[in-house]
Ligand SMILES: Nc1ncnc2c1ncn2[C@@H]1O[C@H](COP(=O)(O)OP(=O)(O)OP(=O)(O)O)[C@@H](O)[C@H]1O
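We begin with a single chain expressed as structure tokens, specifically the form predicted on its own.
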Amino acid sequence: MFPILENCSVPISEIIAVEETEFNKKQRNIGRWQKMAKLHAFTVFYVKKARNHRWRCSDVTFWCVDEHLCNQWIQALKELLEMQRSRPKHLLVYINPYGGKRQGKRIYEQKVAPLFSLASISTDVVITEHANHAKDNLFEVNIYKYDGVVCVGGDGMFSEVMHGLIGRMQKDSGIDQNNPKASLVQCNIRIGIIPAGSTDCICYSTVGISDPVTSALHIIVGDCQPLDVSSVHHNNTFLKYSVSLLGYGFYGDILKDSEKKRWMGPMRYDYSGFKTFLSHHYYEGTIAYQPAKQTHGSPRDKESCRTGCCICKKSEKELAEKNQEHGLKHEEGEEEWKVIKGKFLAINAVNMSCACPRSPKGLSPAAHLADGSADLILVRKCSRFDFLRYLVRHTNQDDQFDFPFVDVYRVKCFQFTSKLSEDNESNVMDIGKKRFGQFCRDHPACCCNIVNSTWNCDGETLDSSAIEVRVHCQLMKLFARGIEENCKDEAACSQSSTEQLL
């Protein structure tokens, strides 16, 4: 066999498709082979890795004069692809045509659908018509006939699909989601994210780039990345699930203000962020949390979560052993609760780094995707200048937790109540049995009475300020593989492999 182009090698797991190729006579330009009357060829489509975690579909054509030999190669390669059991064959796709710049449908049809077709993946496509369309639909369709669910849109669209899938699994298993101590059933149906929204934080934090083609290729090769999910309750009532950011104070206020200015598009976040920074509100309240003692690592150990993360794998192994020996019962009641009272500019809890193009490290660079914990970040009252210094640290390589007014803890659950919360709205181990007042802001001239801040839950607001949060280890799975270590050059990315196939 001879390749038309230069030789290359790829792992079997990153071959997309193999197709018989009509040989063009114009291609016969290699010495004595020009004299051959009949040439036979096939093309291998494969993943080519570029810089910044970007993937592209490339191809190489092989040819020979023996038709039987050519067919043998085609058959052998197709059999190898059939052995890749993790690859999806039938997908349910939800497209949000209104999210971001309203490009979701075009992105899917022009960039994603052709790749799915090339990989022989069949799809059922649903274009959403209103809020919660995908979520409601997932409670009705036969989800078990699909190998995965794909959402085309931003973080909001992903959240809708996630709530539908997890909710459906709990309903089918008879689990009451309103019970904050309920052991949730793991969702084994993977979710794929095709980024097409204003914010694509989850995609960026799990793949390393917000690029539709890259994400489509991760889905095609059948990547699987477990993901922790936090459940949020208020007074034994389920509110939301969160996989990235739960933010009170600064990030909650930004979201609340930006929702009033949706007509501005993505620019609203910059405007509301600047306005919220100038207002410099702080809020007083009480936090109780349980440390994640069984989790390996800490928020300040600089061990970033990467593909094949050993910390996440240890958690996966321990979770499996625990489920076999003890079932799915929570044991946090036996452990000690830590209590913190204070005045806070921001209270953030993250299940992942929350990295994005503007903040390549994210809110917590060492947060792990699947270790069964969240990083709880408390930013206490400080001057505007100090708070600005803290925000700037998110854009550079300096330690963003190295401030006397910033504390960070790795936790498996926490509860919060604000000073203004009524006694009967708090379930924080008798912590909220004392009524407090509420401070407004740093401006001495201001005499207004600021109501509680809003919780920002993955870009959606929560009405209640008093909440109870619990992390569920590896509750769901994505078509992703985590962020790969950067290769030194593009050639190494596309040609290095432990399985030399071609």
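All residue numbers are counted from 1 along the displayed sequence. Everything numeric here is computed off the predicted structure, so don't read it as measured data.
Omitted from view is the form predicted in complex with this ligand, to which the following refers.
*Asks:* Should A320 be classed as touching this ligand in the model of the complex when contacts are defined as heavy atoms within 4.5 Å?
*Replies:* No - in the model of the complex, heavy atoms of A320 and this ligand never come within 4.5 Å of each other.
*Asks:* Is there any non-hydrogen atom of H130 lying within 4.5 Å of this ligand in the model of the complex?
*Replies:* Taking the distances in the model of the complex, the answer for H130 is yes, it comes within 4.5 Å of this ligand.
*Asks:* Taking heavy atoms and a 4.5 Å cut-off, does P97 contact this ligand in the model of the complex?
*Replies:* Result yes; P97 sits at the interface with this ligand in the model of the complex.
*Asks:* Although this ligand is absent from this view, report whether M157 comes within 4.5 Å of it in the model of the complex, heavy atoms only.
*Replies:* Yes, M157 is a contact residue.
*Asks:* Which one of D228, D200, D211, D253 is close to this ligand in the model of the complex, taking close to mean a heavy atom within 4.5 Å?
*Replies:* Here the answer is residue option D200.
*Asks:* Using a 4.5 Å heavy atom cut-off, which residue among Y269, F405, F116, W73 comes into contact with this ligand in the model of the complex?
*Replies:* Exactly one listed residue reaches within 4.5 Å, namely Y269.
*Asks:* Just one of 260-268, 338-346, 138-146, 180-188 has heavy atoms within 4.5 Å of this ligand in the model of the complex; which?
*Replies:* This holds for exactly one stretch, 260-268.
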